[in-house]
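Encoded as structure tokens, the following chain is the form predicted on its own, with no partner shown.
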């Protein structure tokens, strides 16, 4: 199996309800991250770097920002005469529990039926990782698996419907349950690989029986019905499940080891390019241990913070342990600590905003 024989599917609205602060006006996939990226960039880049040439992005609602970001797919080399990037509009409204709902996957069914690829790879867009899917392809082929589930070992993400697995020494899943499990378990990150024909068969069965939840109605029963295997991701991999986890994962970027593992030179993370001037550091400013994107103007103090494109930190302003998104402005004399400022937020002069590491202040 190789990437050219795999159809990629990305769920852009996965678990929007779990981070309502960031997804009120955008999809999970278009949530800004690390100064210049969007969360969907990691899923798209992983697929492209693994040779997947045909990718469908499933949308549900609030996808105007996503459309603006992905465009024709050119930054990921997916603007092609054949294959490339496909933005799949909603079949029907499927908002609700935050789980993978059957109505969402119905958007993919017609696209999958007409596709020529033999396999199909599903992934959420709230996963921050840089992994080579070709390793999963090889694992799936070697095990002669019907379904391969990518997992991480450790703390289960705080998401509704996420399954925990137990596997034997060969990797075959022997037990699965929704929610936390006892003992040494593998936690799913909603990355699934299967034959395209099997997906079509499963969806036909789901439609005839009025199934609603992929996890409860398909994945759990499927462990005993199919040859289901668990592939353990051992590289850096984090799941965004709340505003607190978004803040924590962002702050982990200051760990040089994590940053090097996520932004690898041999598997680059691609994003939409924006031609902008370099950041201007004015005399008297102070910047320490921070990620500053291009197009910014820094006149004050920035420490342990992530500042997105086009933001401005005025003279005598202090920003610590915070995330300032695109177009943000912290005025003269203002102080911001442990806070997340969404796009185009202005903090007026002499304001003092402070949250905590486990409870960031959001505007």
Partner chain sequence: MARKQECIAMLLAGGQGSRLGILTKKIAKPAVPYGGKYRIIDFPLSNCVNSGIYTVGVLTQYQPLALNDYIGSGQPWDLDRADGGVHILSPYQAIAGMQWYKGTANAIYQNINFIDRYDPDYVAVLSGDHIYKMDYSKMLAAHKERGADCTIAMMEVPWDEASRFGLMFTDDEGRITAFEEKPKNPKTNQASMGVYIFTWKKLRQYLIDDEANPDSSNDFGKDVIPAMHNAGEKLYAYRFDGYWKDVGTIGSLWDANLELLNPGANIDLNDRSWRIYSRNDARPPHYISPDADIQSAIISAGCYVAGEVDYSVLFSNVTVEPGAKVQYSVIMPGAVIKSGAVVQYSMLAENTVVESGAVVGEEPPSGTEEASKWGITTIGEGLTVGKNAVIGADLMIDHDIEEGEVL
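Since the model is a prediction, treat every value here as computed from it, not as a measurement. Residue numbers count along the first chain shown, from 1.
The form predicted together with its partner chain is left out here; the points below concern that form.
- No member of the trio 54, 67 and 164 reaches its partner chain in the predicted bound form with any non-hydrogen atom inside 4.5 Å.
- A residue is said to contact a partner when one of its heavy atoms sits within 4.5 Å of a partner heavy atom; residue 274 meets this definition for its partner chain in the predicted bound form.
- Its partner chain in the predicted bound form comes within 4.5 Å of a heavy atom belonging to residue 254.
- For the chain shown alone, residue 338 is not a contact residue for its partner chain in the predicted bound form, no non-hydrogen atom being within 4.5 angstroms.
- Looking at residue 249, you'd find every heavy atom of it more than 4.5 angstroms from its partner chain in the predicted bound form.
- Picking from 28-36, 330-338, 317-325, 56-64 the stretch near its partner chain in the predicted bound form, with a 4.5 Å limit on heavy atoms, gives 28-36.
- The contact residue chosen from 89, 221, 278, 116 relative to its partner chain in the predicted bound form is 278, the criterion being a non-hydrogen atom within 4.5 angstroms.
- Proximity to its partner chain in the predicted bound form, defined as a heavy atom within 4.5 Å, holds among 269, 176, 189, 131 only for 269.
- In the predicted bound form, the residues of 265-294 lying within 4.5 Å of its partner chain by at least one heavy atom are, in order, 265, 268, 269, 270, 274, 275, 276, 277, 278, 279, 280, 281, 282, 283, 284, 285, 287, 288, 289, 290, 291, 292, 293, 294.
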